[in-house]
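Let's start with one chain on its own, the form predicted alone, as structure tokens.
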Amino acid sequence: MKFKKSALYLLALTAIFGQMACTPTDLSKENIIPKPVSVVPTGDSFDLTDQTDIYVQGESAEQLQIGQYLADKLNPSTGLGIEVKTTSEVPASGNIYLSLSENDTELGDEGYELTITEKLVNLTARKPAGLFYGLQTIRQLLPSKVELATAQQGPWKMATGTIRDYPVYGYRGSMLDVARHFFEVEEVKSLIDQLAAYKMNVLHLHLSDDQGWRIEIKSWPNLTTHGGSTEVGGGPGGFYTQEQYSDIVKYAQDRFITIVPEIDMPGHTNAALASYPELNADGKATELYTGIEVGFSSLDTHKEITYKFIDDVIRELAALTPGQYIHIGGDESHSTKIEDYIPFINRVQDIVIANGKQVFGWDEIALSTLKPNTVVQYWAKAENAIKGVEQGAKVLMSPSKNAYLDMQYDSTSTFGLHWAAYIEVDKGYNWDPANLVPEIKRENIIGIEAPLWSETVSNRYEAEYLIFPRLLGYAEIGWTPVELRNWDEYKVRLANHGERMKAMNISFYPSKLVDWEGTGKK
């Protein structure tokens, strides 16, 4: 009998110390990605319980929606039945409080201050976007099993202290090529959720290319019925109706993500040329294309019908797109003579502006005369991006040797290509947009984008192998000051996100440079 009591006592002690060991008390040791600007720990913890609710200051529908977003993330796994309520004053102990204040100008439009005590989680921001990004930090302060869709055993504790946080760059994005291989609406939404979880705010959709046209244009219906009917390898392809595209845009907006649509031209246009013969120099439709070579197609830049076509496409797309940008491509137009290319880009810029949008284009467009507010996306040639800067343009940094998600990790990678480089996780992280090209300085740069071209991937899970875990590093490059970034420290935080990514059902590449099993799982 005495032995049994001793054994039970030891078991009880083991349980108590086990719980203490996993109770977070040092906020500065939490594995937040992107790394915050400032973390001040206070050495205690806050408990989510079945008495916890989310209180929103005032009656704003947008703030209520943000609060509901958090409740919807927490309730399936915690089973706590957290509700969202409005209030005009700081709520009682044990709750989460979301409020806006214009006073703290340092936070800007996307920053937040998160103060956690043992009694209250208090999240403040100047703008709703800041509240939303603060929620992503709250998610990461809870155990990774909070991301699961089924009820899990608690406790649900967060370390106490204060986090002040705001981004370096206003544009933090990724690109999904849905033209080479088509991705269904739900697959795009899944990527939007993943971008939002790491505080990224732009999804660039590459909607047309040689292999497929993916957005319904009502005035030119054959673009999708014929041009959207195939993809790389000869699959059935697909396209988004305007209603589906609007649904994607709204889903992204609700997560503070802007959709930037791209219609590539004058090259990368075979799907259009196969659909409408009048866009070709010889007036004959081309054959549909399912390969991956580039540079062979071109709109006829001398025909007025070409500009009528472009105006119709841009007009319909602009009406569906609340974001400020339309991307016109402009890359790899090898079969368009330069004396035709330059006036074409000049005229297309006017069309975009006439339809109320700002022009985005790959770095080759800087060979033309850039209009005010045009953005040059640096991907291949620094000298092109520099020409853009010399014309007063802003630059989006997407250098293929550093930031292309379709590049293989190494020669053994299951998916991807390596024409630009092999990009292991450390190489993807260890660069600074403001120091990559001496002539392109911080003030010239609007942000960073990591593109995924889809020649070798045909569904969400194949794409995730290339996107993750590199996307987390690109998110940190876009958000965190360069002086706070360090690979050796980052790879420990990244390792701790392995379990979180699994809980989020992300099929990431388990890089051997990261000790996924050697760190304490959170």
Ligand code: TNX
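From 1 onward, residues are counted along the sequence shown. Being a predicted model, the structure only gives us computed values, none of them experimental.
The next section is about a form of this same protein that is not shown, the form predicted in complex with the named molecule.
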| note | Counting only non-hydrogen atoms, the one stretch of 82 to 90, 312 to 320, 402 to 410, 115 to 123 within 4.5 angstroms of the named molecule in the model of the complex is 402 to 410
| task | Would you kindly say which of E147, D331, D300, E424 lies with a heavy atom within 4.5 Å of the named molecule in the model of the complex? | result | D331
| query | Only one of Y55, Y465, F46, W453 has a non-hydrogen atom within 4.5 angstroms of the named molecule in the model of the complex; which is it? | reply | W453
| field | A285, heavy atom within 4.5 angstroms of the named molecule in the model of the complex | value | no
| field | Heavy atom of W362 within 4.5 Å of the named molecule in the model of the complex | value | yes
| task | Could you confirm whether H268 comes within 4.5 Å of the named molecule in the model of the complex, counting heavy atoms only? | result | yes
| field | Y166 within 4.5 Å of the named molecule in the model of the complex, heavy atoms | value | no
| query | Can you tell me which residues in 236 to 260 come within 4.5 angstroms of the named molecule in the model of the complex, by heavy atoms? | reply | none
